[in-house]
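A single chain, nothing else alongside it, follows as structure tokens in the form predicted on its own.
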Amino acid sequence: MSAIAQWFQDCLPVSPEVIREMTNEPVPNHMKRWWFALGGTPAYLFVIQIITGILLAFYYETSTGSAYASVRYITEEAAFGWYLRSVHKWAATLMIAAVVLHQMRVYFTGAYRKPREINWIIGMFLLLCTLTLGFTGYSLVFEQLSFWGATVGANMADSVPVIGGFVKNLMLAGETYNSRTLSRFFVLHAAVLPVALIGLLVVHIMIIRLQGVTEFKFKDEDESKPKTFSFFPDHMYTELMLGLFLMILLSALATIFPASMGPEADPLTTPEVIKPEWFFYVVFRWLKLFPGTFAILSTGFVVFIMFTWPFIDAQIRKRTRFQEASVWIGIVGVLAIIALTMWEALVAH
């Protein structure tokens, strides 16, 4: 063993002490609370997505004539295919929820403020990439609802002034859903978006390493105790325990609520009820409340406000006495999102 260790040392002349020093950055005590350590949760779920996605890709076929049959084969015949597909689906759901909760935590604790504006913008791009991954993955099953969901999404894009037609053609590989559309969604879902997400994650983590984690103080905090703890092994053990819990939860959800198969896509039959996945309920309800162009433009305006919020908040704090106006604005925004989501979930049409 010592000879093998010496061989590795000769090939990679980096001492374990140097590696330990590079990775063992002190972590603020508030990171012991789960609410403040949400960043690692979507990263872990993303790894699960990659592993299960690669295994599912061995059986999946991107042709509109065989996509549905290949998913049915995975679900009903392939060894443990139902489990892999169900874990993939539930990991996607939990990943989107975790990214949303993480972004909410950053917002309500003001962790986006100077000098962390860039990381907030990167976080917003990560959120959009995650949502787009969910949309493209939902479309790959080629069920009736996923087919018409993709069609509705493309028509929504077409409502955007100036660039709408180009975006729709980019999505569908044509004016309407055709034999090339599914391949385009697959390339986006399996290659373009994961690579973009990994790149954004690398930059996100690099900035965190350069700037450090935002530190918070609490009234019940004992000043006599150390304000930080070691990343390794203390925080690493916490992340490993969280990963084990998520794996157990994913297995339980996949077993109790396995992914099912809906009717195969039929371009000639429009379903009576068209609903997207739950994470798009708020946008879908908003589109039903207002005319198309206004709904699209107002949605885009809200997204623009979210991207530029660190700078808007800085101006509010600078020019008014409402130093924590962002908290009340955030509460109103969250309540509106919950209300629109529940409304769309409970109403049949």
Partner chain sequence: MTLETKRWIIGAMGGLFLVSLVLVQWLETTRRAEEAGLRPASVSAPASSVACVDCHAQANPGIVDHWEGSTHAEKGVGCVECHTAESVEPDAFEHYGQSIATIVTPRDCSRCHVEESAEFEASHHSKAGNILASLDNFLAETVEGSREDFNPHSPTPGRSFDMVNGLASAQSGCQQCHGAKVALQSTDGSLITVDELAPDENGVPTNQAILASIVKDANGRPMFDTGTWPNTGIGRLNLDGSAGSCTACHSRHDFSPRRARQPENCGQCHLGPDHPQKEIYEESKHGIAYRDLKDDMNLNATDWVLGADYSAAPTCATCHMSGNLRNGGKITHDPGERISWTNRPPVSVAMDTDINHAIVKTDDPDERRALTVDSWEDKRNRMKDVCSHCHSPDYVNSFYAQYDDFVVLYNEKFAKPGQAIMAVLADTGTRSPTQFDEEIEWTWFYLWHHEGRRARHGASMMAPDYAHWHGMYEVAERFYMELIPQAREMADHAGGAARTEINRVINDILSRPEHVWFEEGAAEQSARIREEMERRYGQGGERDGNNF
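Model, not experiment: these values are computed from the prediction. Numbering follows the first chain given and starts at 1.
Keep in mind that the form predicted together with its partner chain is missing from the display, and what follows is about it.
Annotated contact segment (heavy atom within 4.5 Å of its partner chain in the predicted bound form): 239 to 247, selected among 164 to 172, 239 to 247, 140 to 148, 196 to 204. Checking A79, L210, A191, V273 against its partner chain in the predicted bound form, a heavy atom within 4.5 Å turns up for just one residue: A79. The single contact residue among F108, W278, F125, Y83, judged by any heavy atom lying within 4.5 Å of its partner chain in the predicted bound form, is Y83. Among heavy atoms of T132, none comes within 4.5 Å of its partner chain in the predicted bound form. Interface residue remark: T176 is not counted as part of the site for its partner chain in the predicted bound form, having no heavy atom within 4.5 Å.
By the criterion of a heavy atom within 4.5 Å, S183 is excluded from the residues contacting its partner chain in the predicted bound form. Heavy atoms of S251 reach within 4.5 Å of its partner chain in the predicted bound form, making it an interface residue. Scanning 274 to 310 for heavy atoms within 4.5 Å of its partner chain in the predicted bound form gives no residues at all.
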